[in-house]
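Here's a solo chain for you in structure tokens, the form predicted alone.
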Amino acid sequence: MEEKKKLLENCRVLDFTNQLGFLCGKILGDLGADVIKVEKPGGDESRNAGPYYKDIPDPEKNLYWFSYNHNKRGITLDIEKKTGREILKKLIENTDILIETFAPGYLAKLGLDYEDLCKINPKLVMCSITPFGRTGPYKDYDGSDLIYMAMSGFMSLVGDPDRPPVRVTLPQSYMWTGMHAAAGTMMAYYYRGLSGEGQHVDVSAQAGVLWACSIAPSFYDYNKELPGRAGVFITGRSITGAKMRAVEPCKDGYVNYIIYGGPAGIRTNMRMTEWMESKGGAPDYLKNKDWKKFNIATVTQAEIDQIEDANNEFLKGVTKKEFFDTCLEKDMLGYPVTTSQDTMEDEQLKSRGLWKEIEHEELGTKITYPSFFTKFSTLACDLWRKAPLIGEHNEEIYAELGYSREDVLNLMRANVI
């Protein structure tokens, strides 16, 4: 079989990002770019945020760092030192893309803003990822996952209606932002291929997470009211205000089973009743129901509650596998709620070759990673190397700039790298 081509094989990327931009650099690396992660001497501060391998705090054994910094080589460089800035300018001469998450104005004070760097390399594509963007009244504000989730509006939709809004436990905003940054960077790089011109890409984390609220405009368009928190319920499908449970407990966890309308929903409701009857009996009100006349838009809450009470009691006695197998066999709408362990054992993900074991010599073991974000018919997208240790490739990369081993040692002694 012909070897797949790396889309970004001849593209060099300098990655000066924290968690806001980790994923952007990783995506470019997955597509074959030579991504160089640049940390300050001693390592990036984000290495100090866990979790750690075997829960032992160690910046070189940080699992979060491993997850989003593989497919990158790593160097250290202090750009606040004059020598460090001179080295960066040498790197820029042969750099295609620079991604960074410094506060707006920080690089300008060092003479390293886009306007300065594009004088060295007019074809440079530079992606700046900041909490609120580089312009506007909030441009100088700091941010965090909690702030992006709240100020994007996403939190207003998550949680129970009678309790305060909540955020998803593991930070999600950084992933949304990283994906937007990768898409914007790729568009600018594509345009450079057409025009020969570099440009500055300005990504706002607040605006990036706004896309996670995609339910809101369609909800308003249909109901002419602003959506709110509904907890475990689905709302907005009935003119009577009836709400439907989205998740039901089962014998070994939870399943996603919702009372739907339309042909697929009516078919599912009928076959669920038949399944109940085959396992010991469905309530008469379900067996006698004229499902063909069931209308989700006009159903009352009392009717929904009656149906869900029967479903709830029945589903407690079946496993996730029994449920999913039956949904497939009977062409019903329904899905198991998978746990992390379920995901690792999922036949579909295994058959697509998603998981890949990578040797970690520093840990004396292998770690399993997802190896690609997309499968292409002719392009390669893979996990090429593990995340770098602090300054792991200093000697290798600085040698490419013409620095000898003695030069590198002197730079280390001067704490420039």
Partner chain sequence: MKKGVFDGIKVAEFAAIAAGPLIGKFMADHGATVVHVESYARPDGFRSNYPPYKDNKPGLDRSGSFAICNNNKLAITINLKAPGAIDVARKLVQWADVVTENFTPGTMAKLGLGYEDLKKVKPDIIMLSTCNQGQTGPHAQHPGFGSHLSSLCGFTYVTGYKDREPSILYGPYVDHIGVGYGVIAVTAALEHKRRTGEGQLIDSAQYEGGVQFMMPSLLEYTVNNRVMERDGNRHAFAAPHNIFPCKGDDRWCVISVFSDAEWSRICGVIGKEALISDPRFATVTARKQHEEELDQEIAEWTSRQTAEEAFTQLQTHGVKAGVVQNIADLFTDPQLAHRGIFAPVDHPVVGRTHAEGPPFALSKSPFKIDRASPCIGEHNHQVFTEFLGYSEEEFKKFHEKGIIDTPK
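Numbering follows the first chain given and starts at 1. Each form is matched to the other, and the largest set of C-alpha atoms that superpose within 1.5 Å is called the rigid core. Keep in mind that what you see is a predicted model, and the values were worked out from it rather than measured.
FYI, the form predicted in complex with the partner chain isn't displayed, but the following is about it.
- A heavy atom within 4.5 Å of the partner chain in the model of the complex is found for one listed residue only; from Gly105, Gly317, Gly236, Gly281, this is Gly236.
- With the partner omitted here, the residue from Gln206, Thr76, Asn71, Thr101 that has a non-hydrogen atom within 4.5 angstroms of the partner chain in the model of the complex is Gln206.
- Mapping the unseen interface onto this chain, Leu31 counts among the residues with a heavy atom inside 4.5 Å of the partner chain in the model of the complex.
- In the model of the complex, no heavy atom of Lys37 sits within 4.5 Å of the partner chain.
- Using a 4.5 angstroms limit between non-hydrogen atoms, Thr300 is distant from the partner chain in the model of the complex.
- Put simply, Ile27 is close to the partner chain in the model of the complex: some heavy atom of it is within 4.5 Å.
- Residue heavy atoms within 4.5 Å of the partner chain in the model of the complex occur in exactly one stretch of 285-293, 163-171, 85-93, 105-113, and that stretch is 163-171.
- Residues are counted as partner-facing when one of their heavy atoms sits within 4.5 Å of the partner chain in the model of the complex; in 318-336 these are Phe324, Cys327, Leu328, Asp331, Met332, Leu333, Gly334, Tyr335, Pro336, in sequence order.
- For Gln172, a C-alpha deviation below 2 angstroms is recorded between the shown form and the other one after rigid-core alignment.
- Relative to the superposed core, Arg267 shifts its CA atom by 2 Å or more between the shown form and the other one.
- In a rigid-core overlay of the protein, Asn121 has its C-alpha displaced by under 2 Å between the shown form and the other one.
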